[in-house]
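The chain that follows stands alone, in the form predicted on its own, written as structure tokens.
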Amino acid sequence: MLKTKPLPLPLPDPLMASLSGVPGFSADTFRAVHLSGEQITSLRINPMKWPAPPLGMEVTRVPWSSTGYYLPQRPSFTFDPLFHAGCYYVQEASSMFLEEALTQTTDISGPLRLLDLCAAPGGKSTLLQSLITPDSLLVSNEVIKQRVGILEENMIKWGGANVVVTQNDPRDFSAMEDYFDVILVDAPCSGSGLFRRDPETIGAWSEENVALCSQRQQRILSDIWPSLRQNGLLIYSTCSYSTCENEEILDWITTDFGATSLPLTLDPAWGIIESVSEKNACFGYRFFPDRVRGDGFFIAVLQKKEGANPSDFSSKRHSPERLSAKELAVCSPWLKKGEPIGMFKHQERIHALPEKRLGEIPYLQSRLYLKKAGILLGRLAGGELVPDHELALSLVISPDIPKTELSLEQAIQYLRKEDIRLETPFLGWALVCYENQRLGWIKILPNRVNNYYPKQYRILKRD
């Protein structure tokens, strides 16, 4: 744990007063933990890439996460090649409770359609992708253009083929009636739960902003509600302590939309507080930083009763452009054998998706702006595939692709997009790895090695 300077501002009196009757709130310990300057570092490993405790440290488990760990101190993740390989995601521990919210209320053993509506930078989307089946589909959306890039990068690192990244306003999803089985709305909020991590946000907090956030949350939920199927689940969360953005929102959903609140089972040792709303007795779960090793957080699960069951959304008249037999012969060797993966072509670029979801691409394209669809394998040129970085980090790449292991120094040089010197027995495209984890592509020529690490992802920091 690291220490930071004490808070530059006191906690807002109106916030403290509004919490005085909330279950689990203790003004003295709540204030003390914020004044302590204590910071907590946690991460969640990618079980499909790195199913082992991280970083060689003495770590402890996040109790409500199957893959989450607390670290004793915060290392420099920038200079860890395993971070760039997508072996883990640095995520705040409280938000990892999403795993419990999903698995306690949903059968994740079969194919599902999921939407993470406010997904950037990607922590909760990578968590969801780790839990669902390969033939499920996750739509990971971010409305703010400047934040879509980091979301796309993190989903590429995580490696799943069953993900579509979109950039759409919540209202755009209203036309997708009964499409999703599960919708996560990690709603924009007033952010009081982040005060310990980011004390500078205290000065921006106000009762007026809480009220505005509550109105925005209602607008967002109204927009996406039609796209949730009958008996589908809405997982609602915020990083706010305010009942106006939490319990009152649950009461509003159940009153206006007839939703049913679902209870979750807690281990008392976790320190999570169950909160039951006054009006409709809805179940919510609040994380106070003086009770849990994590930030302030609130989460609840509601079930939709109206609507219809999902139908076949595959297009009957339109379908993605399939590959010719010759193109299939070129591209197939780059993928694992036996994977239920379908490929389609768009502007000479080859994408791979779960075969069962391939027919839904036209439906999604007609309603959403797709930034990323499945895994971009690469582009066809001169009868060959020029592989893309997405393929290098994906979970569907063939294990037979040539690869070479780098030292830590060489890996950092590669990730800075600098020249690296290698002695290899082969020529052509190859993967570079660090501790057997793929970092990206090189092309080995007779007298040099070309570094194909994407320029936009390169390490710029020097120390």
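For clarity, every value in this text was computed on a predicted model and none was experimentally measured. From 1 onward, residues are counted along the sequence shown.
Omitted from view is the form predicted in complex with ligand SAM, to which the following refers.
Quiz item: Is it the case that 403, 433 and 442 all touch ligand SAM in the model of the complex, with a non-hydrogen atom of each within 4.5 angstroms?
Solution: Contact check failed for every one of 403, 433 and 442.
Quiz item: Where does ligand SAM sit in the model of the complex: which of 187-195, 367-375, 77-85, 264-272, heavy atoms within 4.5 Å?
Solution: Partner-contacting stretch among the options: 187-195.
Quiz item: Just one of 175, 328, 276, 144 has a heavy atom within 4.5 angstroms of ligand SAM in the model of the complex, so which one?
Solution: Going through each option in turn, the one that passes is 144.
Self-check item: Single option in 132, 234, 282, 120 placed near ligand SAM in the model of the complex, where near means a heavy atom within 4.5 Å
Solution: It is 120.
Quiz item: Going by a heavy atom distance of 4.5 Å, is residue 349 a contact of ligand SAM in the model of the complex?
Solution: Result no; residue 349 lies far from ligand SAM in the model of the complex.
Exercise. Please run the contact check for residue 216 against ligand SAM in the model of the complex: heavy atoms, 4.5 angstroms, yes or no?
Key: Close contact exists here: in the model of the complex, residue 216 approaches ligand SAM to within 4.5 Å, heavy atoms only.
Quiz item: Is there any non-hydrogen atom of residue 310 lying within 4.5 Å of ligand SAM in the model of the complex?
Solution: It does not: once ligand SAM is placed as it appears in the model of the complex, residue 310 has no heavy atom within 4.5 Å of it.
Quiz item: Using 4.5 Å between non-hydrogen atoms, is residue 320 touching ligand SAM in the model of the complex?
Solution: No, residue 320 stays farther than 4.5 Å from ligand SAM in the model of the complex.
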